[in-house]
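Listed next as structure tokens is one chain, alone, in the form predicted on its own.
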């Protein structure tokens, strides 16, 4: 099992919920996998009572499934739900781009440029985890610049459904080139403070991802 640091912060319930969400998002807890309470308790350094409360909270959000006499498993989603989620994510990203471009600060722009450069370095080095971390940082910064809390929360909810696909849906060199080119276009639109242009490229970027995942899912069938 992935090594997990013990929890030391005071808000135990909130921290447990956050850490479990991270394990799901990072792929350490894969869709359909069963949560082993003893291992998690040992790793986090907590008793079963607060862990089970956190598990119930994540079950209420739809991230976990509770089955009588079997415990909790990570929720799975259907192919249709995945592809629908990419369509919704594209609309959310497009709106975020339209809002973010005219509002983005100099510091946020500098952070985006740095994350983009780091993302390219990770790609050249074959560091997929690093690549996806920097890619996530870029999109997070765009949503932060958009300054709309409801939009960001909706995005987090939809993102949980599709985030684990990055660990299994491998893409070819041509698809990598398209993704990186689209990121270059994002920077150009942001530099110009052009909201409609950024919104358009973000929608196209998510549609590229949706088609990529659709092709991968078809191959699995």
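Positions refer to the first chain, counted from 1. The shown structure was predicted, so the numbers you read here are calculated from the model rather than taken from an experiment.
Note that the form predicted in complex with another copy of the chain isn't included here; everything after this is about it.
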{"query": "Stretch in contact, per heavy atom within 4.5 angstroms of another copy of the chain in the model of the complex, of 61-69, 39-47, 192-200, 179-187", "finding": "61-69"}
{"query": "In the model of the complex, residue 18 touching another copy of the chain (heavy atom, 4.5 Å)", "finding": "no"}
{"query": "Another copy of the chain contact in the model of the complex: residue 92, any heavy atom under 4.5 Å", "finding": "yes"}
{"query": "Any non-hydrogen atom of residue 85 within 4.5 angstroms of another copy of the chain in the model of the complex", "finding": "yes"}
{"query": "is_contact(residue 149, another copy of the chain) in the model of the complex, heavy atom dist at most 4.5 Å", "finding": "yes"}
{"query": "Heavy atom distance at most 4.5 Å to another copy of the chain in the model of the complex, all of 22, 116 and 127", "finding": "no"}
{"query": "Those residues of 46-65 which, in the model of the complex, come within 4.5 Å of another copy of the chain by heavy atom", "finding": "52, 53, 56, 57, 60, 61"}
